[in-house]
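Next up: a single chain in structure tokens, the form predicted alone.
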Amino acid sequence: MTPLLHSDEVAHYRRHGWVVPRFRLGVDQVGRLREALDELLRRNPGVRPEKLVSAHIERDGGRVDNGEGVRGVAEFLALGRDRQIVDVVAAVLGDDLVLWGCHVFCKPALQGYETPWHQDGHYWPIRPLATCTAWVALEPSTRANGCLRVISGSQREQRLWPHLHEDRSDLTLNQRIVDDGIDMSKSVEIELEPGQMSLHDVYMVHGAAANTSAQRRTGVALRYMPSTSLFDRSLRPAQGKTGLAVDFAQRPLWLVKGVDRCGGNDFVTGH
């Protein structure tokens, strides 16, 4: 069988901390996901579209929020459990995988929020810290409309830089990295067509500019961790300072491939 993530792509991910696989979703699947996006936006008129946290958790047919302020749509859970996407991620994380998050980032035309330079691992309760994010584009993601930007190679030291809290209402996240010692010349803008995706490491320094263009930009960030790590519900990293209403204590987990190697992950809470 032809691998869904080729050896050169795995090597690129290991070296640079990110990769855009040749694999992409089919046109029909992207069409269904756009319909799911439309439904997600209809269900959440009071939520900033950049902050649709845990969009994969649907309660009571979408009539009840998911405990994190969002009324989810089950189509996004199906995407997170999609066998091909899981196998792509398994090529870099291993064959024992847990789906623990799904965030829909929808940046409206002309007014889409900035995402400051940051590291995901700064505010996630996973120990040892390990996660791969699969960022799936549902619409064109370009320089003009605020595509994902990464600092290539910034994951190599596997360290977390200090972050500052910014008390602003026009940011997707309120945590900004203190960039002393980070080589910002290594910045790469990852442009994607609908159905394409990028993968990036938990230690990767990344962000995105505001959308000042006339074209909306939407992506689905699927979060996976190897089951050798523990999703520690007792931890509250950056609690209340991210600008997102997350509830890791009640966040449901799905074992999407293999077995729970650490033996301590809870697949009951939140379901």
Ligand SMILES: O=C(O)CCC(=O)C(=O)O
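What you see is a predicted model; the values in this text were computed from it and never measured. We number the residues from 1 along the sequence you see.
Not on display, but discussed next: the form predicted together with the ligand.
Taking a 4.5 Å heavy atom cutoff to the ligand in the model of the complex, the contact residue among Ser152, Thr115, Gln196, Thr142 is Thr115. Proximity to the ligand in the model of the complex, defined as a heavy atom within 4.5 Å, holds among Leu148, Ile85, Leu99, Cys132 only for Leu148.
Put simply, Lys51 is far from the ligand in the model of the complex: not one heavy atom of it is within 4.5 Å. Using a 4.5 angstroms limit between non-hydrogen atoms, Arg71 is distant from the ligand in the model of the complex. Mapping the unseen interface onto this chain, Arg43 falls outside it, with no heavy atom inside 4.5 Å of the ligand in the model of the complex. Shown alone here, Arg223 lies within 4.5 Å of the ligand in the model of the complex, counting heavy atoms only. Using a 4.5 Å cut-off to the ligand in the model of the complex, not one of His56, Asp65 and Arg233 places a heavy atom inside that distance.
With the partner left out here, the ligand still marks one of 186 to 194, 90 to 98, 156 to 164, 107 to 115 in the model of the complex; by a 4.5 Å heavy atom cut-off that stretch is 107 to 115. Contacts with the ligand in the model of the complex, taken as any heavy atom within 4.5 Å, map within 195 to 229 to His200, His206, Ala208, Arg217, Ala221, Arg223.
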